[in-house]
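Just the one chain here, laid out as structure tokens, in the form predicted alone.
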Amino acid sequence: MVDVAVVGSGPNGLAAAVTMARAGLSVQLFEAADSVGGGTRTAELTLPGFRHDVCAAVHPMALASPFFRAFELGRRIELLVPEISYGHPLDGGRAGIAHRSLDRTVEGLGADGRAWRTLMEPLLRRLDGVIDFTQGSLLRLPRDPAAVVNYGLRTLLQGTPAWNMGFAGDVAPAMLTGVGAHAIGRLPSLATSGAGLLLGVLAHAGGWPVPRGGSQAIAAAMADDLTAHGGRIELAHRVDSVAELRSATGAKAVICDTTPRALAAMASDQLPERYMRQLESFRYGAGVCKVDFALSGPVPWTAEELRQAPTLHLGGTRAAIAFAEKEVLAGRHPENPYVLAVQAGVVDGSRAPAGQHTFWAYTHVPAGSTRDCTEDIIRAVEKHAPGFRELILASSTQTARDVGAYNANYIGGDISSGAVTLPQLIRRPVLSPDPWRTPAAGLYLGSASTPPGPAVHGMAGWLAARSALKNTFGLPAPELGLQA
């Protein structure tokens, strides 16, 4: 018998479990798969010795997330921070390069450098306020109103058809659009511009780190902390009913790292009809088709600087990427898709045998798509790195349908666990200052379907756990650091 049961071992489920165990409560975590991690698993998907990140690979929030900062993640695992956060190839051998140094980035953008600085520097100066505003419920009062004003005005500018104002060339706008497309939504829109600006400023702050050895290191660090504080992990255990879970464990609190759809299925007998309707009306977004490659050598990018960029955004100009994303949202596979790619070997030589490399890439597709986009991705890379095809030793593909089957939270291949739109950032999945707490006593939702939304940050689980500590147990939030 335990005090707390946690369903799901993604970063949010693990964050919730760690927080409750650190508060002195007995915790049992249930995971349907045979390993913890959710979106932070690493495996040999192609050939022996090639370690691929199954889902997320690069983690802009690893150094910025208030939960990970409190947890001291950077002291528990090795986070490799590149000098180049991301690159964006364009026709003619050109490329936009986002250095961790804002000054170097500005210098590289020439005539548009001043506009880039005007966009990013005020956010960089008040980064703590921006993080505070974006990493919780948008309905609460911000601690730094000036940061919110700066962030809001820039989100409005980049989220409307006026988004090219101030730019003379096509490189800087393409870079911003490539980052905003992480959100898998309409371009321009307030939701995608807000996400893009947050990721963009983090590229010039702590950078976009890559965990040595793979993203599994993040999950392992949290799982180790959980068991060190008395928590138990039960793998290959699917939870279908909250009532049955409570009966079996005696848990006073249940925290679910699941989608609203799954919560509704597990707790329909405990939740009021109005709340159930809200859960069932929650919308899911487009999917991804992901391909992992084992390569015999590094990718031969035409633009030399791209060879040092772990993260790359392919898709061309701002207009071309916006059109491709519009096609996806209309239920079509674009002829020239946006591709997000990661070459982890640029900073982490442990991912493949000596001299060889892994290459991770996905493209956006309509929800539930069964299309194998391997050839689409190869063509997109070959356009800017002739000879890439000849380097391929093996590949492994997950269609959007496969992605959804692999992780129940990725419905139809939606790795954001819910469409990233402005209404669904405010109402995720309900309009409430405490959206993690459900109307059922002791039942909480702490997944990417709740604020602050998608990304590997642990925040949704941490905030759900803090709500449970306050409302169910009357306990304060515990310290999470190594010395606590």
Ligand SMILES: Cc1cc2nc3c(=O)[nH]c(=O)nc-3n(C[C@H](O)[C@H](O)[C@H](O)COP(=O)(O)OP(=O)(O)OC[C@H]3O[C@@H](n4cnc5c(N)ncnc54)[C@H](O)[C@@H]3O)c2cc1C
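Residue positions are given as counts along the sequence shown, with the first one as 1. Predicted, not measured: the structure shown is a model, and the values here were computed from it.
Keep in mind that the form predicted together with this ligand is missing from the display, and what follows is about it.
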For this chain shown on its own, do G8, G38 and R41 all sit within 4.5 Å of this ligand in the predicted bound form, going by heavy atoms?
-> yes
Quick one: of A265, V148, A408, A320, which gets a non-hydrogen atom within 4.5 angstroms of this ligand in the predicted bound form?
-> A408
Of L45, L425, A64, V58, which one comes within 4.5 Å of this ligand in the predicted bound form, counting heavy atoms only?
-> V58
Which one, 99 to 107, 351 to 359, 251 to 259, 157 to 165, holds residues whose non-hydrogen atoms are within 4.5 Å of this ligand in the predicted bound form?
-> 251 to 259
Answer for A440 alone: is it within 4.5 Å of this ligand in the predicted bound form, judged on heavy atom distances?
-> no
Would F30 count as touching this ligand in the predicted bound form under a 4.5 Å heavy atom rule?
-> yes
How about V288: is it within 4.5 Å of this ligand in the predicted bound form, going by heavy atoms?
-> yes
Touches this ligand in the predicted bound form: L445 (any heavy atom, 4.5 Å) = no
Near this ligand in the predicted bound form, with a heavy atom at 4.5 Å or closer, the residues from 221 to 256 are H237, R238, V239
